[in-house]
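What follows is one chain in structure tokens, specifically the form predicted on its own.
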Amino acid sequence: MSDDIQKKLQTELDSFKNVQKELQKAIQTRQQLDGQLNENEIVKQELDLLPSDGKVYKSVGPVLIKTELVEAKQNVSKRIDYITKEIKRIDDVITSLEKKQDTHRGSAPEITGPVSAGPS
């Protein structure tokens, strides 16, 4: 009987560790997206400061290519929208993983409950 409980406990522990790893990856991704969002918002602010006839260059490999200001603003806005959606998606993933983690935390006492209540 104790081998069975030990196997269940080990399985639960392995599941918990996997959820923790996934959660860490999701949090790291969230931090990267935050950095990208901040960077793009700064670029948007800088583009808003330019006069309508200002020159904007886009880096393509080792070459700078002239780009229209309106097009550059549109591209940055699209990137900000995309990053914002990704942040929302990652936040949902993080919430889901935290719930899984809480479920796994609660399972260990349930498995060991009969053992703890056993011989005194």
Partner chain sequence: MAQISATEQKGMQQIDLTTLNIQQLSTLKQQLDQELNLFQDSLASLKIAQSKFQNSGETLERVTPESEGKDILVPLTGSMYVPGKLHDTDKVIIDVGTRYYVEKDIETAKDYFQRKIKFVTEQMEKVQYLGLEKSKIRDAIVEIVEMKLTQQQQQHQS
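Positions refer to the first chain, counted from 1. Nothing here was measured: the structure is a model prediction, and the numbers come from that model.
If you look for the form predicted in complex with the partner chain, you will not find it shown, but the lines that follow are about it.
Original post:
Do heavy atoms from each of 40, 58 and 64 fall within 4.5 Å of the partner chain in the predicted bound form?
Top reply: Yes: each residue has a heavy atom within 4.5 Å of the partner.
**OP:** Answer yes if any heavy atom of residue 87 is within 4.5 Å of a heavy atom of the partner chain in the predicted bound form; otherwise answer no.
**Re:** Taking the distances in the predicted bound form, the answer for residue 87 is no, it never comes within 4.5 Å of the partner chain.
Original post:
Does the partner chain get within 4.5 angstroms of any non-hydrogen atom of residue 30 in the predicted bound form?
Top reply: No, residue 30 is distant from the partner.
Original post:
Any chance residue 72 has a heavy atom within 4.5 Å of the partner chain in the predicted bound form?
Top reply: Residue 72: yes, in contact with the partner chain in the predicted bound form.
Original post:
Do residue 105 and the partner chain come within 4.5 Å of each other in the predicted bound form, heavy atoms counted?
Top reply: Yes, residue 105 sits close enough to the partner chain in the predicted bound form that at least one of its heavy atoms falls within 4.5 Å.
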